[in-house]
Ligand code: KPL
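We begin with a single chain expressed as structure tokens, specifically the form predicted alone.
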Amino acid sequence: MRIVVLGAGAVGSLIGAMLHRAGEDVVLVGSPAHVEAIRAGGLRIEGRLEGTFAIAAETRLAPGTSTDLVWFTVKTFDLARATEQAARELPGSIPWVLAQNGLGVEEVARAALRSAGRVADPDRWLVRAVNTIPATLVAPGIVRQPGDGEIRLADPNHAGTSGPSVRLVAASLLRAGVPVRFVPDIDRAAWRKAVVNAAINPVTAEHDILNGQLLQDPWRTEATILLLEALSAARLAGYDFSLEELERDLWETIRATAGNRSSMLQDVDRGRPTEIDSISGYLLDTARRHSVTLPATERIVERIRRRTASASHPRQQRS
């Protein structure tokens, strides 16, 4: 099966390498420096997955590209541009896998498909994937997998018209040995991850610390406060998580990815825009619609925005 990975940075490259190793015909579309390094010496994966992979890499999606499946691993702030381009250049009747952090990504993809007039039923082809496999871009052409994780997909038996697309995506991942978990409510899974991310990513990005350092104070307390506020926003949105399950998720995630630099911290490191608006900003918007304030979240969102105010324009970025 031919698979295109758009926005192949850390996560996209790791998933692409796993699929390539299983015999899939994978093309990574990423930044010029990353693509040049892959072409020169292959894609090097370190950590849980070790190896160098001679995988195809391009800097842009060529018109008329033929593919059976496309993974979108661009950052959420670049998803609109990427999906609009894909709607013009790729076949309309193939699964689109949306693996972004944050919330509201399906609406962006639906709008791109409808505006391009490519398909009558966008939901038939959209596959939301909640990824918990950590990945760090060490340098162009080098990605580290510091811990284990899984990809969560909707239960295809309860995924409506997207069921066949979900099955196709799951089959390719399982052939590649990627852990897959089917969940009854993929929206709930996306919210659950976003709430945990809202407690981890901004704190690590602001203080320049590894995930594992959140087990220590003062960062542990800060992360806990943010988790409580994120939980209140999720409940306002109709997701009645228990504090116990989210605290368990938080500390299990931190321990499993203790040596990882969060994706938000990696963006700050490179002077790039972050996904703060699609994670914590989305929670703030949800709370405001119910006339609820999240003071700790508001403060850290503002601080992260100030840190990245001079970042380059997001249309030039990849995850």
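Source: prediction; values computed, not measured. Just count from 1 along the sequence shown to find any residue number.
The next section is about a form of this same protein that is not shown, the form predicted together with ligand KPL.
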Close approach of Ala205 to ligand KPL in the predicted bound form, 4.5 Å, heavy atom = no
inquiry  = Ser278 versus ligand KPL, in the predicted bound form: is there a non-hydrogen atom within 4.5 Å?
reply    = no
request  = May I ask you to check whether Asn101 falls inside a 4.5 Å heavy atom distance of ligand KPL in the predicted bound form?
outcome  = yes
query = Is Arg152 close enough to touch ligand KPL in the predicted bound form, meaning at least one heavy atom pair within 4.5 Å?
reply = no
task = Work out which of the listed stretches, 58-66, 42-50, 253-261, 284-292, brings a heavy atom within 4.5 angstroms of ligand KPL in the predicted bound form.
result = 253-261
Listed residue (Ser172, Asn211, Ser165, Thr76) with a non-hydrogen atom within 4.5 angstroms of ligand KPL in the predicted bound form = Asn211
Single option in Arg220, Arg124, Arg81, Lys193 placed near ligand KPL in the predicted bound form, where near means a heavy atom within 4.5 Å = Lys193
ask   = Within 189-228, which residues have a heavy atom closer than or equal to 4.5 Å from ligand KPL in the predicted bound form?
value = Lys193, Asn197, Ile200, Asn201, Asn211
